[in-house]
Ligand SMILES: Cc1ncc(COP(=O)(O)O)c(C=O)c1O
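One chain comes next, on its own, written as structure tokens: the form predicted on its own.
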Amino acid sequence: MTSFQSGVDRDRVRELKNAEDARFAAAHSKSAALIERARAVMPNGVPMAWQVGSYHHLPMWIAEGRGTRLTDVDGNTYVDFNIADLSMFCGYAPEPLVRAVSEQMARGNQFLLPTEDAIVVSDELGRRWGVPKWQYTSSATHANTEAIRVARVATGREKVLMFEGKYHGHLDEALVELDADGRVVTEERGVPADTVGGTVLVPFNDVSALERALERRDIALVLTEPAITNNIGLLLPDEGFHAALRRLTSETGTLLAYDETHTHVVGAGGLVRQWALEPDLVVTGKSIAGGLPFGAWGMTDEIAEILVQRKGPDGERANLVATGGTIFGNALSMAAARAALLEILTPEAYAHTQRLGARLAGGMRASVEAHGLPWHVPHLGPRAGYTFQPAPIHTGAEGFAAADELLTRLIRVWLANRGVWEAIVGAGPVCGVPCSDADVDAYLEGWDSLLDALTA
């Protein structure tokens, strides 16, 4: 039976995947032994549930990473196009980061007091993104949380609007989705039921739906990636969408935040700078500090004024906004961010990864066409992707409808068995800073051999 969705035989997909899963298991006996030990002390046998839930096969346990390559405890080496869900865009163990972190660790890594690196990092982020004031957290999830809270104070409103197909971290407001009847429901267990009343979801690229939602004037913040990049692959904006988004938010007194946690890899200042967008707030993280725990959110001077603390005559604090955390803005993360921004994430590095990303997407697209498959291969800077339909997706609903989890899981394990670590389900391969033409060749060789097998 041929899948209407992907144009390949479903039984063939399952046959290939079963064989590849068995091959993977045979090559990872030490990883299997470690997870058995780990189950006695950790739920699922891993430090975080994603490390087992993201794969059908058992997770491989890592011994080390250098440049673009990972080596597991069984001695298997992979060129990494997942780059830890974009957190390792700088590569594994780059010399400037190792040096900066080692030197700072020797001086002390955490003080609950500022270090000069915070000024340098803020200056550089402001130069790149065009918003002048910055605050720091230990993840982009926390940064999004704080951006939402300050927007509520600034507007006197409670609700936040996001776009269907989004992912903005594991904050309650972002863990909602639309059910089959179009109602907002919680995505996962443990999220408070009343969260659904505080988040509005509309289709990306649907200006009319956006206008209807904003005209009620009860939304504090629109939080979005410039291009949706996580759960559903690559969803690019229609021409004029961001201009309409800025106009409508301004007209209705709603603040606009762009989450560039993933999309900053397209260049200095991310898509905000590349597309000349005009946000009130910007959020970023992950590889901005080379993969150390780090989140940053930038804002206009007007919004920053809300965070300025007032103290009474006896030192008592007033007008506090619910932000902050003990290890936020710590010395180690700030030293890592300074090294990553000034020595690794350079214009030359971005140009290099964009060239390789274009080559990767072009090679994937050529192979798809040569094999007569009805797939679309999108491209964004250093990123490529694949959608199992011939046309690009325009909304989150289209992205979910075009998904084929079994086929996507086959792609991952097929490539892994050939020394290529593919992106997590729903993302797409990314060329990191240390990536080379030989690495792209390895990906394309594995990709082409899979398409040969699927269409034989």
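Just so you know, these numbers come straight off a predicted model, no measurement behind them. Start at 1 and count along the sequence shown; that's the residue number.
Omitted here: the form predicted together with the named molecule. The next part is about that form.
Student: Any of the heavy atoms of Thr254 lying within 4.5 Å of the named molecule in the predicted bound form?
Tutor: Although the named molecule is absent here, Thr254 would stay clear of it in the predicted bound form, with no heavy atoms inside 4.5 Å.
Student: Is there a non-hydrogen atom of Asn230 within 4.5 angstroms of a non-hydrogen atom of the named molecule in the predicted bound form?
Tutor: Because a heavy atom of Asn230 falls inside 4.5 Å of the named molecule in the predicted bound form, the answer is yes.
Student: Whether Tyr92 contacts the named molecule in the predicted bound form should be assessed with a 4.5 Å heavy atom distance threshold; does it?
Tutor: Tyr92: no, not in contact with the named molecule in the predicted bound form.
Student: My question is simply whether Thr353 lines the interface with the named molecule in the predicted bound form - judged by any non-hydrogen atom within 4.5 Å.
Tutor: Taking the distances in the predicted bound form, the answer for Thr353 is no, it never comes within 4.5 Å of the named molecule.
Student: Check each of Phe328, Phe163, Trp375, Tyr167 and return the one that places a heavy atom within 4.5 angstroms of the named molecule in the predicted bound form.
Tutor: Exactly one residue meets the criterion: Tyr167.
Student: Work out which of Thr249, Asn82, Gln104, Ser139 lies within 4.5 Å of the named molecule in the predicted bound form, going by heavy atoms.
Tutor: Of the listed residues, the single hit is Ser139.
Student: Looking at 343-351, 69-77, 190-198, 260-268, which stretch has residues with any non-hydrogen atom within 4.5 Å of the named molecule in the predicted bound form?
Tutor: It is the stretch 260-268.
Student: Taking the named molecule in the predicted bound form, which residues of 271-298 have any heavy atom within 4.5 Å of it?
Tutor: If the 4.5 Å heavy-atom criterion is applied to the named molecule in the predicted bound form, 271-298 yields only Lys286.
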